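Given as C-alpha cells, the chain that follows is alone and in the form predicted on its own.
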C-alpha cells in the first residue's frame, strides 16, 4: 500500500502552531516514506467555513514550504456521505435518537451521581416506530448514532470489547468500546460531525496512515469499527503529543496570538517556525535547520515524547535569531538586494556578514542599513578624546585590519584602553551602545562619513 497521509484543517479560522505541528509531522513522514501528502479541507460546517480561511490555510502551508500532492474538500462530497449513511441505516448500524442535548446532559449527571459511567444507554435503539412517530409529531428531529459492536447477544448487554492497534508513536494501544457511548454521526439538522466524513474520505482516498494529536486516541477504536462497517481498509494510526504553554497551561485561549499568519507578520522566518515545530516535544534539542530536507533527515516517530510539548513564543523568537545568525549570504541575497538598492554585491555581502549576528528578525537589517549608510546623530561624550581620534583616522582603503590599526594609534596617543577606548568610538560612529564588530562596520561606513561623525556632524 502506497503511503498517503492527510492534513485536514477546517477553514473556520487561520492555522495556529498546534495545527501546523500536525501538518509538519504528516509532511515529514510522507516525504521520508516517498509517499504523498494530502490537504483535505474539512468544511462540512458551511456556516463557519469560508473561502477566505481556505485561502489562508493554503497561504500558510506554502509559506512554510509544506507543499501538497492532492487536495479535496468535504463540501464537494455530500452525496458520497449520504450514500454511506444510507448503507449504515440499511445494515442496522445507524439508529435515530430523539433526546435533546439538555436531556442527555441530565442523564449523564444522574449516572455520575450514582457512580456509573456516563455513557449513552441506547434508549433510542429500543424505541419502536410508534414512539418515533410521536417524537416527530412534537417537531423533534433525530440525531443518528453509530451502533458499536460491543455487546453480547442484545445491544443492551454491553460487554468489555477491546480494540487494539499498533500506534506509530505510542506503540501498542487498546481502548474498551464497552466504556464509550455510540458516537453521533449525523446531527438533528442533518449536518455531519467529523467522524463519518473523515472515515469515508480516508477510505476513498486510500489514506495509509492517520497521524494526529493524542486527543483522538479514544476516538480511534470507534473509527476502526466504522471502517469495518463501511468495508474499507483500516489505516495505521499515530497519535503525537499535544502542545501546552510554557506555563504548563493549555494554549486554547491564546491560539489567535499563535497563528502562522501572526508569526509571518511578526517577521519570523518560516524555517524557524518549522524548525521549532519539528523539535519541541522530541528527544532532539531545539535548534535551527536551514532546509526542510535537513529536518526530514532527522525526523523519527521514536523521538516524539509521550509528555506534552511546551511551546514558548520567546524560545521561538530566540531560535529565529539563531537561524539568521547562521544564515549564509546566498540564502538571503535576493531579499537583501530588494532592501539595499544601489549597493554592490561585495558591499551587500560584507554588510550581511557584519550585521547578521545582531538581528533577531530579518527586518532588523533596515535599522543597520540606516546606521551604516544613512545619516545618524553621533553621540559625543568626550569631545577632546573623539577629536584626537578623528585626527588619527587612517586613510582609505579600509579592510578588517583598519580598525585595529586605528584603535592602536588612539590607544598609544591617549592612553585609553578597554571600554574607555572602544565605547566612545562606537557611540560616535553608530550612535549605539552595542552592535556588530566595528572592524566589519568601519570599511562599510567609509572614511568620509566616519570623520564627519567623529566631528559631531549628522552623517
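Numbering follows the first chain given and starts at 1. For clarity, every value in this text was computed on a predicted model and none was experimentally measured.
Heads up, the form predicted together with a small molecule isn't pictured, but that's what we're talking about next.
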Discussion item. So in the model of the complex, is the small molecule close enough to residue 145 to count as touching (4.5 Å, heavy atoms)?
Written reply: no
With the cut-off set at 4.5 Å between non-hydrogen atoms, does residue 60 touch the small molecule in the model of the complex?
no
| message | Test of understanding: in the model of the complex, would residue 198 fall inside 4.5 Å of the small molecule by heavy atoms? | response | yes
* Contact label in the model of the complex: residue 216 to the small molecule, heavy atom within 4.5 Å -> yes
Answer key, the small molecule contact in the model of the complex at 4.5 Å (heavy atoms) among 194, 165, 227, 78: the residue is 194
Testing 303-311, 208-216, 355-363, 102-110 against the small molecule in the model of the complex with a 4.5 Å heavy atom criterion leaves exactly one stretch, namely 208-216
